[in-house]
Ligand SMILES: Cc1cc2nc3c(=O)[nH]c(=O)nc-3n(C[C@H](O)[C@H](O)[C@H](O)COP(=O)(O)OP(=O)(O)OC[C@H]3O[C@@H](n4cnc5c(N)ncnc54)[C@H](O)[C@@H]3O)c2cc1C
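One chain comes next, on its own, written out as structure tokens in the form predicted on its own.
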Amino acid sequence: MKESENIVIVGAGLAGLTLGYYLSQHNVPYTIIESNNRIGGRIYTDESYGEAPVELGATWFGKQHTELQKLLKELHLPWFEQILGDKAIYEPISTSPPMMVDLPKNNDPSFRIQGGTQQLIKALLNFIPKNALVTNCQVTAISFEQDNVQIKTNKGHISAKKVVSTLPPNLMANTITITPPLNKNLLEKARNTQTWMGESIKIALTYNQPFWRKENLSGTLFSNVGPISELYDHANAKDNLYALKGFLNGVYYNKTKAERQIIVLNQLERYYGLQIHNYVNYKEKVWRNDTHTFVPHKELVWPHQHHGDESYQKSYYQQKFWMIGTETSPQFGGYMEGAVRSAQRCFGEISL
């Protein structure tokens, strides 16, 4: 790791890599420091040979996510529509059996990136110089001095002129010691900013055949009973590799993977019968257990709480420190679009 750098970006998720992409295009030197050994942050596509790419993190985007679409076009990454079908399995209450319901025509479809969302991360990485990315490197302290910024990590110290945190605000506030301390009100707000994906559990089952497309069945499920609340047909863009992907209630984070698998199969058997057990692989991601993403909140927070707060639109320490990431964006906070827009905003300010 270099001992000094112009700009240090903390976190190699979508916001950090997008900012690096823009800086590279303008020949601005920087270093990205990532605490994990995996690149992508909350974009996480499980890619197993011969199976459908399974999104265990960020998945969908819509027509309104215009900046993400522009970025995908720049990177020559195609996308395709998420097919819901014309019917869905609906389970309104536990005392009544699940039913098949007609779905209205979808005039506002969701889209997925061909090959998986991880293709976006791979494409951005092509623009990041190899010596500009350091993994397995956790920032523990940041000290703002008169002329520079001193950053302490588990791999040593690095000096910089400017630093950008892309961490979820609550994670940053609880894992990095900042000197002089941030304003108490800002720190309190950061600790009470909901971490997008933080309490989600994503589950998936891969299959050789899409049996759920048979008559009187569907790969789309909505259940008020749970513990799976939503399920979708997760076939690839070519429609030759198949999976079902959904959301498991976050309260099951403290169960083992084997226990969650049984819970998932037991629920899905109610709708699909024994054929649900003919899966190739069961996959999951418990984001609450990912220490590179989530630390528990001390108080109850609501979905999107403090996302896009005005305090995140400012720089601090005489334009030496920025906080970006999907939670900080005043538009589309909690979506990939928010991460891209936050990187664009920061680039516009940091490159002046």
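Predicted, not measured: the structure shown is a model, and the values here were computed from it. Sequential numbering from 1, following the sequence displayed.
The same protein also exists as the form predicted in complex with this ligand; that form is not shown, yet it is the one meant from here on.
Judged by heavy atoms within 4.5 Å of this ligand in the predicted complex, the contact stretch among the candidates 258-266, 122-130, 98-106, 169-177 is 169-177. Here the marked residues Leu14, Gly325 and Gly334 all reach this ligand in the predicted complex, each with a heavy atom within 4.5 angstroms. Although the partner is absent from this view, Ala52 stays clear of this ligand in the predicted complex, with no non-hydrogen atom inside 4.5 angstroms.
Put simply, Ala339 is close to this ligand in the predicted complex: some heavy atom of it is within 4.5 Å. Mapping the unseen interface onto this chain, Trp60 counts among the residues with a heavy atom inside 4.5 Å of this ligand in the predicted complex. Asn192 falls outside the set of residues with a heavy atom inside 4.5 Å of this ligand in the predicted complex.
Shown without its partner, this chain lists Gln69, Gln305, Thr45, Asn36 as candidates; in the predicted complex, only Asn36 has a non-hydrogen atom within 4.5 angstroms of this ligand. Of the listed positions (Ser200, Asn236, Gln118, Ser223), a single one reaches within 4.5 angstroms of this ligand by any non-hydrogen atom in the predicted complex, namely Ser200.
Although this ligand is not shown here, in the predicted complex the stretch 135-160 places heavy atoms of Cys137, Gln138, Val139 within 4.5 Å of it, in sequence order.
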